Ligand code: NAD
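What follows is one chain in structure tokens, specifically the form predicted alone.
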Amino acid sequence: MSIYSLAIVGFGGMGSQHGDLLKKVDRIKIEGIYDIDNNRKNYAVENNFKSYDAFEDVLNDDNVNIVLIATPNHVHKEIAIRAMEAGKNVICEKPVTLNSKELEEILEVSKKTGKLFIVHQNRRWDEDFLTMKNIYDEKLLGETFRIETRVQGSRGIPGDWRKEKQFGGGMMLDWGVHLIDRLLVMVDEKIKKVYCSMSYILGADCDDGFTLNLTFESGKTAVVEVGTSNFIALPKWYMAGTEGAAIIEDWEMNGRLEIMPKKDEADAKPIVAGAGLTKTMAPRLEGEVLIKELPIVKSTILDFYNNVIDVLEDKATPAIKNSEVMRVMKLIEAAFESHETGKVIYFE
């Protein structure tokens, strides 16, 4: 049974999290880390990792089979290409690159060298996503016609490179890439229309939030939303179908399904609403809907690393396909174009 040696390039927040998780993967050994920051080097040594003095030392280490890139976004392309040309397989943090052209260059080198290049889209293993995907796939709400997926907080952009455009900062490339990726995995359809509005409330040169509206080929719609100045957060997920709705409120997985148990033929009774009456917006009465707990799907991100091993041994296809990554990047570019022009972009 082969053991694969891995070097982590960039040992900040995500790099160190990879370090912690990989300790639980039997067939991957962390050979060492490389970081330009002395504090991160010292932290690595304190955690019993070897610290390389230069990136060239990583490339020249014949023991290293895999390079894991967890640096700021703007240097992903250069590191990935150099690593594959040195005979290493590559795991890359998201967003893979700053644009689709850079990704094309990476994939050309992967094809030329025969080395694996895979992107770590870890949020595909989030239980909130997997739960909503199961609801969608099993048609528990009938035919879904609207999906809302969002993350909102009130702490602004972290005080590091993530608020600087030159390094690939901004919420579209930070969180948007996750939410879009998951939505496109869930809804297996072409996208017809893209409309996006970005916010720059905090005064940085990159977006601190956005609202992205998508229309799919079937006519179903989706809202993808990220905010960093929201002191009251809207639900993380809302899904509406012809026979009910589902909601996930927060990170703690508070939520429910409300499903119509039988065909609705009775006319609603009007209620007093504000200064008038309404039947259209009258709430459902007890017994008219069935309230159910979320069918929570459990998962582990360790499956990602195990998939990498299986791909290297020709036992599986990549869990994250590069064609999927490319589609997400092109959609992100369409979102930026929509914001800049103020127009709907006709996408696929």
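Note that the structure is predicted; figures quoted are calculated from it, not measured. A residue's number is simply how far along the shown sequence it sits, counting from 1.
Here the subject shifts to the form predicted together with nicotinamide-adenine-dinucleotide, a form of this protein not shown in this document.
- Of the candidates 37, 62, 293, 46, 37 is the one whose heavy atoms come within 4.5 Å of nicotinamide-adenine-dinucleotide in the model of the complex; the others do not.
- Of the heavy atoms in residue 10, some are within 4.5 Å of nicotinamide-adenine-dinucleotide in the model of the complex.
- For the chain shown alone, residue 94 is a contact residue for nicotinamide-adenine-dinucleotide in the model of the complex, at least one non-hydrogen atom being within 4.5 angstroms.
- Contact annotation for residue 15: at least one heavy atom lies within 4.5 Å of nicotinamide-adenine-dinucleotide in the model of the complex.
- The shortest heavy atom separation between residue 235 and nicotinamide-adenine-dinucleotide in the model of the complex exceeds 4.5 Å.
- Between 160-168, 98-106, 218-226, 196-204, the stretch whose residues reach within 4.5 angstroms of nicotinamide-adenine-dinucleotide in the model of the complex through a non-hydrogen atom is 160-168.
- Within 4.5 Å of nicotinamide-adenine-dinucleotide in the model of the complex, a heavy atom is found for not a single one of 131, 134 and 150.
- In the model of the complex, 76, 79 are the residues of 76-92 with at least one heavy atom within 4.5 Å of nicotinamide-adenine-dinucleotide, listed from first to last.
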